[in-house]
Structures are given as C-alpha cells and as structure tokens.
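Read on for two forms of one protein chain; each stands alone as structure tokens, with the labels structure 1 and structure 2.
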Structure 1
C-alpha cells in the first residue's frame, strides 16, 4: 500500500515512537475509538478527540484502505470516580432528572450524533452500546477467570493485577511501574472486596437499589467500564486489531486495563497501534464537564457565550481544530477562532477560484507535483493536519497568482491540483464550502409564501395573513414588514 503515496507513519503510544503502519491484513484496517459516556451533552473537548479520529478514518479511506471503524456508546458502567467507586454516571443523571436511564442515554446519544453531523464527522461503521453486549462481556470475564487472572469476591469479579504482572508488564502503555502504582494507591479499608488496591472491577455486584443490572453467573450486577471496550472491540474487530484511539486521559487506567483484559483472556495484546489525541484546553486547563471549564459546540454555533463576540460556523471550528496536530494540546480562545475563520474563508475562496481558472499553454511546469506530494508527506507523517494546511496554502498562493495572471499552470497540472485539493480539503480534512449543504430551495418557497401573504393583506384577509405569519414563527422564521418591503430570517 502506498508505494506511490509513501509510507504512513503512525505514532504508537505503546512504543513511544512513529512506526510505519502495516495493517494485519493487507488493504484492511480495524479501527476502534472509545466513544462518549452519554450522560451529558458532549463538550468541545470531547468533540476534538472524535474529530481527530475522523481525520484518521478519512485519510485511511483516502489511501484506499477498507476500514471498519467501531466507536462505542458507553451507556452503563462508567462510575463517577472513573474507577470502581461512586455511582454510575448515567444512573446518577437519571436519578437527578427523574428519568429512566435509557431516556438519558437516548437524549445524549441523539445530541452526540447531531453535533458530529454538524462537524461533518463520518459516522462509524458500527456503534455498539455496552448494554447491548452484556453477554459478550460475561463471556470475556469468564475467560479471564478461567485463565486465572481474576477472582470473585462477594458477587463481584476483580482483575488480579499483580498476578497478571508476573507474566505481562502492567503499566507498559502509560509508562508506569507497578511498584510506583502500588506505593501511590491508598490502603484497602478492610471493607473492600478487592484483594489489592490496584485490582479493578470486571463485574460489580449490584445493590438492590441499583437500576441498571443484569443476571450473570456471579449474581445480579453490571459490567466494568474498561471491560466494555475490550468485549466490543474483540467482537467486531477480533482478538487483535490494527488501531485503537481515544483521548490521552484514557491511557491510564482505561486503556492499560484494556491491554491487560485482552491479553489475559486470549493471550494476545489486543492492539497493534495505540493512538492518543491530546486535550483541548480552556484558559490553559483541560476542558472538562466536571470542573465546569467547558464549552458546548452549540454555544459556538449560536454565539451565546460570554467568551465569544459572535457565532462561528461548525466548519470554522473544525478548521480551528485542524490547525493543531492531534498529539499537541490546543487552547481555545476567541482570537484563535477568529483567525481560523479568516484562514477558512481564504481557503474556500481559493477553492472557488480553482474551479474558475483555466490551464495555460505557456505554463510553468513542475510547480504542482511537489505541492501535491507535500499534501501526502504531511498526512503520512502521523496525520499532520497543520502541516497539510500550510502546504494547502502554498497551493492557494499559486491559485491566486494564476487568477491574477501572474503565473500559469498547464491544463494537466491544473486537473491534478483540482483533484488533489478537493480530495484533501473536502474528503480528508472534512471541510465543507459555506452553504454547500444548505437547501437552496427555501428561497423560492419563501418568495411564494410571502407573496400569498401579501395578497391576503391586500384583500384584508387578516386571518390568512396571520396564519402564515404564525406558522412561519412556529418554524422559527420571523417575518418583518418595513417601508422597503417584507423580509424574513
């Protein structure tokens, strides 16, 4: 793969270096990304991680791979302390709102899908839910138990970290040493079901008041958050698959535990390339729902937040995210977003010009090919979108020079530039031209409706004219009459 386009290098967090990507099966890629825990609206930080992996997915497709992209929905088992203590995040929200947990799950899954669509993120091929895979999770726990890496305690099952560490290094992904981890964990208080503090729950026995629970060979309970991802990735991608992604904050313990669970159940380290996206920060601190240091995408699209002086198109926000490499932190400021808007507009203007310019007979040859090659070399270098953008702006310079008559390119080169720029801007970066998705049939329809309203007014048929105005208002359209005529928005 990629002899013309070059080798794809991926930074593998497990190895701490960039490595040439070699899929397990030529031409195919299995990609798993940890999805959201659907107990609240996704904030812009969550979106950054999902958009980063949308870029990865898009580029793999562009390179010609057949990708199976699995991104789960965590709808049970993620506890408030992100480990084994506290309440289930979804059950807690359901209790507070006096709703069924599945109402919470549905509401925030819908919100997540809407936001991803606004950002033009391609839907994964499979979006499994944890509650839909309880049987697979029980089977995996049984395999870990059978292999001697877990134990039962009071109807709960815990992974025996120290036992595992005798044969496999626990902490290899996050670079932690088991001795340090042990030294840093608090002592068990005697009430604890665990044998050792580092052990983590695969299955938890449910108290009678617990709402989300299922029967298992060990009694009524619910699965551990780490186990869900192991069971779902194994089911759809196999015991070993190519790429696993998620935010940096999931490296430990979530992904470390996934490695341990996969290895303990079938003897294979589950993932070949671990990829971790860095955090979106606000005021220099991780954007996070629990600390209140977060922004919702909708606030950006409507401009309704004190940090902003105007609204921003989702594509501007996406462009803003593409200006940073996925492994670098990105700080959100309204100035940076304003600058991204200028950059996005400039790129889109050039895309329009690219459609309009024509190839010349007396063309300078040899300018286009190196620019196009630079698109590939940027993305082949661990999906380096900011370098790709810089290289696309080299092409923008050339397009503008041709437009101004200061340079010319051959018809053949122009065709190549068009094809590759469209591919990289629209297909790989996932940007859309402003208004490209808008339904432009609304304008003639509104002209017709307003004409009918005007006719009714002329005939003093106030019932009809009010009905039209109220009907439009209900659809979120405001009609304004002034001495210059009628307008709507």
Structure 2
C-alpha cells in the first residue's frame, strides 16, 4: 500500500507469533468480529473488545486498504450455559420481562449502538443477525453432514469432533489436546444424544415450549451459537478471509468450533489471522455482576456508581483504553482514569496549539519526520496504541516548545506534523476534541454558567463562584481564570 511505512505485523493467535500481514487480495481486507448477544446492556469488557477492533479497522483504512468489516448481532442460539443445554439467553429475558424476544433484541441492540456511538466507534459495513441467516446456517449444516463430519440425533445435529480430528487438529487455536478435552468434559443433561461428550450442537431440536424456532430438514429447531458466525462470515467474506477478531474468552470453544465448522463445510481453514483482545478488571478484580464488581458504560459516563469517584467522558475512557495494548489486561481505577483525563486534556490542548503555531523559513529541519515515522512503527507493530500515544506526546513536547518560542520548525515540517497528528489522533485513535461534534449543546449551557459565575465574582460573592467552579470540576469540567477571561475544558 502506498502510505505504509514498513510492514504491518499482526499477532496471530493461531500461530502464537507476530506475522507480516499479507491480505488474500491485494488492497482489500475482510474483517469479522464477534458481536454482542443482545439480551442485556453491553458491558465495558465487550466495549473494550469493540473499541480495540475499531482501532484496527481505522488503521487499516488509514493505510489505504478497502476494508469490509462485518460484526454480527447474536439474537438466537446463545444458551445460558454457553454450551448445548440451558435456555436461550434472549428467550429467558423475554420470559422474565413478559416481552417478545424481538423486543428484547431491539431494545439492547439500540443500547449497544448508542454506546458505540458515544465511544466514537465507526459502524461496521455489515451487521448481520443470526435470525436473518437461518437459511445460510441450514445450508452450512447440510454441507457438514454431506462431508461426513456431523450426525443427526433425535432431530438435533451434532458436530463429530473425533471424526474431524482424524484429519484436522481440533484444539489448534486454543492449544488444547483432544485427549485432555475428552477427559475433562463434564456429563451434561441431554448428553445421551451425542456420540461423544465433546461433540457440539449445530442444530437443536426445539421442545414445544421453546419460543424461537424454525423449520429445517431435520424438524423444528434452532441453530447452535457457534454456527452463526461461520455462516455469516462465509456469506459476506468468503470461505477464507483475512482477520477474525473477538475477546480472549471466545477462543475456546467458540472460535475453535468456527475453525472446525468452516473447514468441515468448505475444506479449508476459514481465517488467515486470528486476533484476540484481553479482558478488563475493575479495581484489581475481575468484573462480575454476581459480586457487584461491575460497571456499565452509562454508569461510568454519568458517575452514578459506587466504584469510581466521579464521572468520565467517553473520550477520556477511550483514551484510557488506548493506554494498554489490546492483548494486555486493563484495570479500571479512579486513579488511572484521573491520570488518563489529564493526559487526554494535555493532548487536546496541544492539538489546539498545533493549529495556532506558525513555521519559520530559517527553522530547524529534520525534527518532525522521525516523530511521524514513529507513529507508523508503533501501529505497524501489532497496533501498539500505548507506544503510539507515547510517541504522540513526544510531538506534544515539540509543539509546546515551538509555542513557547524555545524551538522552531519549518513551514513544510509543520504541515507534515499537522497532517499526521490529526490523522493519528482523530482518524486512527478515534478521539474527538471536547466540544466537538456531538457536544455542541453544552456550549451555550457553559456560556450561561460562566456568565453567572462572573456576575458572582463581580459582586465578590466568592462562595457562589467557588461552588460553580467546584461543581463543574466534579462533573469533569475544568474552569480556568486568566487575564484574558475564563475558559473551560
């Protein structure tokens, strides 16, 4: 690609190493990411995964690739045990709330989209649903049956893992040995339908009370959770495509089963590069609803929670997430978020200064290109956002030095720095400046608040003045008084 400075390396979970990225078709990238199961509000751990792959998507576009990004919505087939037994998560929620399953799906899909918009994540090119692709799933099951890697039992279809393993290594993605998996498999209700405990459902026969069900050649039923991603990725990206992403918790069994299903139906391993994002912790502990150590994005943005000391803007949270590599764990604490807020504000202040400083004809040359090259070298090293941020702050030092008259850059270098800083801060990292698009309604409100504060100061009503300033600070808005007037960010 024309603008690539060096090779792009991607850590391939299947191989356990960084590999030079070579797309199947030059100039084009097929990217699939496992989307949410829409039975509840999207949680922060999921958000981190989707923001990580938003970064991947943005950087590939920046490099000039034409990307088809597919991220599914799971609206059927994901059972409460994340296995082949239990109730469908969406059907269970619908029963508890006495709603239609599709009302639940719509409600939480809307919530998901709203949160992703708040985080400034770009929408995928295609967002297919499992219920919208029942025909494709049935066709894929039939192909797996025809190839001898599945069998029917009491109206359900199961994948024959041991038969598949005779010619293909089941467990290659997660590094598990099939002998160990068989030995460790628990006895489950309904297991008597299977030939072996490790086999997994492609299609489940629906009991009369089951709400979400469809006709198939094998009777009335519903698809298995693992199958939908295989069917939809194949439909929109082909039998083989470039990158498949998701959280590390999906590596086994979900992604392992995807590899098996794709290979068993089409005769080839479906994905070239497997990418897995790591999890979030909260105050040093695993996020868990059952223990109360859990936080929804809206609770984080509003400050209405007992786990952190204040509210945080979505852009501050996005900036904070970029401070850890997508394959590393990330711990949410008030201290870390507070530090991220300062860093974000410092970066945005520098971006504002960058628009105001001027270059000089007699200025030093050669300072800017190494900094710009470092942006690319960071992102080319498996999308290393924390190193990119460190390199951006090297640029911030230069910007501030020029602003303070301690250094100068040529007009040409300044143009390059502006172009690449804007590209990496806004287009690649996906950050927005405070008060930019989406925040415009707050401007007239802040004008009014600061006018009232100024009236209090004029009357020497320092209590009211300080109360306004401290109240805004608690909401994450900093008020600065100077000889030129009062400003906020």
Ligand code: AMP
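Just so it is clear, the model here is predicted, and its values are computed rather than measured. Numbering follows the first chain given and starts at 1. Rigid core: the largest C-alpha set superposing within 1.5 Å between the two forms.
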Identity of the form predicted on its own, given as 1 or 2 = 2
Can we say the CA of residue 16 moves by at least 2 Å between structure 1 and structure 2 when the core is superposed?
-> no
Core-aligned C-alpha movement of residue 68 between structure 1 and structure 2, 2 Å or more | no
Determine whether the C-alpha of residue 26 shifts by 2 Å or more between structure 1 and structure 2 once the rigid core is superposed.
-> no
With the two forms matched on the core, what distance in Å separates the two CA positions of residue 292 between structure 1 and structure 2?
-> 4.5
